[in-house]
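Here we start with a single chain on its own, the form predicted on its own, put down as structure tokens.
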């Protein structure tokens, strides 16, 4: 038997390795796709979920070992082909443009897949059959350990070895490694980039599908598994190093063991432990444990096209639109006023993200943290301390601004996807605090009883209050971008080296932009809490941050006017389609994909380009 404590530790180590094996299957495919295409693929979690559901359909109908294992492989291959279809019919149309728009397209795919799974397999969780021949357990260090988890460990090691041979001992692997360093040069040397990208997507999607398929005998397939796995996979890829298979393997082991032992040693930190690790790694070694520094292109190129003051909405059109918006509450009922209030608050939220994302080139995956800080700030001050509405809103903005000031100091030292992932890490820490700090935040029950002042209790009055306050804040942000600070921010985005050469402190300007964006996001969050009468941890979830990115990109990066337009379109689609069908996500996702393909510069950017052509005589 030996030492019981050592035996227990050994069993937990093996459990962590089994978890790491599945995580590696998903994350290595994600790392491979990003390394070659530079696409942050949010649909990768959907591939994992499809692998589990398709495998369930195949193995539950087939009997015996051949049917079971064949079903897992067929499900993985089917997911690989779905990944190829996404690359060929959606992403290939977006290559060569701003690199954030493929990210937006993959978000649309996530929505479509989520409702497709709901329509085909229903809302219930589905647990697959036990693996033939691996249903029992074997004795390890005096304890019984499941045979299937040992198989997963062996599978993870085998896939890692196979990928190493594929990447380092084949011509295809040589091209992949070359494309990871400079895919444009690979294309210039005569390699068909489209074929290479398609092959990479097949392998990456196949591995994600395999990860979902082999997980089926252990955990039921459910509709939330795509979001949970994609977040963990991003953590693994960033900690290991973007594009590094060996880094993904090492990081998977670290994260898998952290998840296993963390719940025993730090039960109160289980939701945030891996993000703390990611934040520490990024601060100390920005390129990850085994990664190489990425080219500055990456996500920064997403904001080089048409950003800045190139297109300005004509004043007459702007004033006309404002007058029409102000007239809507008078002719609509309470439902219309509530929706317009939400559009106003989300417009400010999106505009605050644009403030740092467009002119600053700072793409945040965690902007909802400051929206949530503002919402919770107002909720706690109004509901628990009895503050007035105006004072609570001001304090909420300060609270969110201070949070952004602290987190931004670390974040602006990174760039591209590493900056984005560090913002996500800090946002997840704040979200975990909201979930687990029951005494202050109420946990999942949230904070209720958050209402406007009596004079603003009428929905018509509060709607005009939201429109006026949010419109004023957006105008102030727009004015700042037209000031010397805004032009300096653009200069730092376009050429940091030249700015340094003439004495401009780029990081300080980016830090200030990050902090101001957080402050205004906090004000919008505070208004949102007052409009809803309460606040829950979902206000600072990852999906809320992605919503903000979607709104900014839908409107376009040409001008700040795109953010309110994107917020109105996104909210309007969700509200109107949601009232017509239960599968509103699929419809919204399909519309987002169509808009991205049809208007790669965003809605306002497209209108601006058309107006410029008309002004030049229709050329």
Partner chain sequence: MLSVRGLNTFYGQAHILSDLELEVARGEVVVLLGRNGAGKSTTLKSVIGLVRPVCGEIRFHGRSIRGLPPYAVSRLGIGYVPEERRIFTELTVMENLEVGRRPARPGAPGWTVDRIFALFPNLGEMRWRGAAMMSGGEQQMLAVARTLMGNPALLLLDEPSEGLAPLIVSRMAQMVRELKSEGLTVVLAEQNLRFAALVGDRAYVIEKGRIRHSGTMTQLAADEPSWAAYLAV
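Only a predicted model underlies this, so the values are computations on that prediction, with no experimental measurement involved. Numbering follows the first chain given and starts at 1.
Separately, the form predicted in complex with its partner chain exists; it is not shown, and the next lines address it.
Student: From the list 453, 328, 461, 191, which entry has a heavy atom within 4.5 Å of its partner chain in the predicted complex?
Tutor: Contact check passes for 191.
Student: Using heavy atoms only and a 4.5 Å cut-off, determine which of 177, 482, 507, 130 is in contact with its partner chain in the predicted complex.
Tutor: Looking at 177, 482, 507, 130 one by one, just 177 meets the 4.5 Å heavy-atom criterion.
Student: Going by a heavy atom distance of 4.5 Å, is residue 186 a contact of its partner chain in the predicted complex?
Tutor: Yes.
Student: Is there a non-hydrogen atom of residue 181 within 4.5 angstroms of a non-hydrogen atom of its partner chain in the predicted complex?
Tutor: Flag for residue 181 set to yes.
Student: So in the predicted complex, is its partner chain close enough to residue 168 to count as touching (4.5 Å, heavy atoms)?
Tutor: Yes, residue 168 sits close enough to its partner chain in the predicted complex that at least one of its heavy atoms falls within 4.5 Å.
Student: Check whether residue 292 has any heavy atom within 4.5 Å of a heavy atom of its partner chain in the predicted complex, and answer yes or no.
Tutor: Yes - in the predicted complex, heavy atoms of residue 292 and its partner chain come within 4.5 Å of each other.
Student: Given a 4.5 Å cut-off on heavy atoms, tell me which of 169 to 177, 152 to 160, 353 to 361, 200 to 208 is the interface stretch with its partner chain in the predicted complex.
Tutor: The contacting stretch here is 169 to 177.
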